[in-house]
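A lone chain, given as structure tokens: the form predicted on its own.
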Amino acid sequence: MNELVFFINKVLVSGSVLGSVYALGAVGVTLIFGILRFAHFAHGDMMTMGAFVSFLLAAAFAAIGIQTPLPTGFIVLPFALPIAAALALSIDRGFYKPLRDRGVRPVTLLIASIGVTLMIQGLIRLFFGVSNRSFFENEAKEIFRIAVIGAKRSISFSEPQVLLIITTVVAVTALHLFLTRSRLGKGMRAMADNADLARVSGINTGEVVRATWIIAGSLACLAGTMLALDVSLKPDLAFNIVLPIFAAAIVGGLGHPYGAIAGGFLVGFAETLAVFNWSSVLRPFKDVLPDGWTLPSNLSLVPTDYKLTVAFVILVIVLLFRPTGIFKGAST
């Protein structure tokens, strides 16, 4: 039972947390690609920017003495999301819209997004420095433990991890209802399918673009804040996971929100399974090994330092055998 509990903690819990972060990030990436047809590489730094917005609001709450039953970084999200959405709209208006108005090619917008990435990183380092910060400097991170009969270990997960998974479910459900029930959501789907046809059909494409940036900015803030609550807040919080997020979006099907969700969890669990030390669960079977065989102390498929390569292995396989992704998104 100890081995089973260890597997649950290291694979099921960790995979669900990582998959939730990837899914939230990949949905924002795929919405921008589906509507505007360019890969927004600054999305990871928008996640970091949103996390710092939440951090400032949480610090303001603590400064005026507001006590909350849940982590303050989570409580301030209703205030942080509109700010992050406004910042996303400002980035589009200041950098991308002038280029779109000139009719530039998508590759030019992609290069511009790399410049936006460097700008956001520089501004964050300028105003906040390069040191790590924590949402739990003035409050404790609660850990939940579930005892398992016959096991010395217990299934454990933190309060931010629970909130992250619940928030992901709520956000995905809300996005589904918006895309399928609202007029604006249907307009976004129509524009993603055929922008020219949507335009001549009378759909307000400018409104659709603004809605896309509002949703993408809000989801980036949500993902970044929940990730920072689980680990720590630093200037390159999401920079190192932006490539797995893109891999998740492509694997699921670029331009397809539901594919992004599936791709996020697929990549998240694949990375977790790849770095998991399988010797820990195979140890009870060491007595049945042939003579002369020993069970290595570390039997992970990929060293932890190379976990990011898992996403690209999956990406290459998908591009070779199913280039449009699981849900047949836009051509990659």
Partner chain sequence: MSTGDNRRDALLIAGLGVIIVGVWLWLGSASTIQLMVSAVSYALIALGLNVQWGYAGQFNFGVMGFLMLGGYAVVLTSFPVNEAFWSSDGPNLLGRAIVAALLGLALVLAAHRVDRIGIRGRAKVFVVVVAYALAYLGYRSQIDPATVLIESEAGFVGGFGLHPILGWLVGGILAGIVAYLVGKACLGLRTDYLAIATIGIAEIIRALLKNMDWLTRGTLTVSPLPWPVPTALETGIDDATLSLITARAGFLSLLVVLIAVIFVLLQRAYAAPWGRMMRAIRDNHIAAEAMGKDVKARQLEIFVLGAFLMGIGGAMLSTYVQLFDPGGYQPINHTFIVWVMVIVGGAGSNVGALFGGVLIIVAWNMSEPVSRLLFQQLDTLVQAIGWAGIPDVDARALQMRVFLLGVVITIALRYAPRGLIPERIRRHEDE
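In this text the structure is predicted, and so the values were computed from the model without any measurement. Rigid core: the largest C-alpha set superposing within 1.5 Å between the two forms. Positions refer to the first chain, counted from 1.
Missing here is the form predicted in complex with its partner chain; even so, the following discussion is about that form.
Practice task
Would you confirm whether the three residues 6, 155 and 268 all fall within 4.5 Å of its partner chain in the predicted complex, going by non-hydrogen atoms?
Solution key: Zero of three within 4.5 Å in the predicted complex.
Practice task
Report whether the minimum heavy atom distance between residue 315 and its partner chain in the predicted complex is within 4.5 Å.
Solution key: Heavy-atom contact with its partner chain at 4.5 Å: present for residue 315.
Handout entry: Close approach of residue 130 to its partner chain in the predicted complex, 4.5 Å, heavy atom
Key = Although its partner chain is absent here, residue 130 would touch it in the predicted complex, with heavy atoms inside 4.5 Å.
Practice task
With heavy atoms only and a cut-off of 4.5 Å, decide whether residue 213 touches its partner chain in the predicted complex.
Solution key: Answer no; every heavy atom of residue 213 is more than 4.5 Å from its partner chain in the predicted complex.
Handout entry: Contact test in the predicted complex: residue 112 vs its partner chain, heavy atoms, 4.5 Å
Key = Close contact exists here: in the predicted complex, residue 112 approaches its partner chain to within 4.5 Å, heavy atoms only.
Practice task
Sort through 122, 78, 103, 202 and report the residue having a heavy atom within 4.5 Å of its partner chain in the predicted complex.
Solution key: The option sitting close enough to the partner is 122.
Handout entry: Listed residue (250, 237, 221, 164) with a non-hydrogen atom within 4.5 angstroms of its partner chain in the predicted complex
Key = After the contact test, the surviving option is 250.
Practice task
Sort through 166-174, 222-230, 93-101, 137-145 and report the only stretch with a non-hydrogen atom within 4.5 Å of its partner chain in the predicted complex.
Solution key: Of the stretches listed, the one contacting the partner is 93-101.
Practice task
Scan 239-259 and write down, in order along the chain, each residue with a heavy atom lying within 4.5 Å of its partner chain in the predicted complex.
Solution key: Heavy-atom contacts within 4.5 Å come from 239, 243, 246, 250, 254.
Handout entry: Post core alignment: residue 11 C-alpha displaced by 2 Å or more between this form and the one not shown
Key = Residue 11: C-alpha displaced by less than 2 Å between this form and the one not shown.
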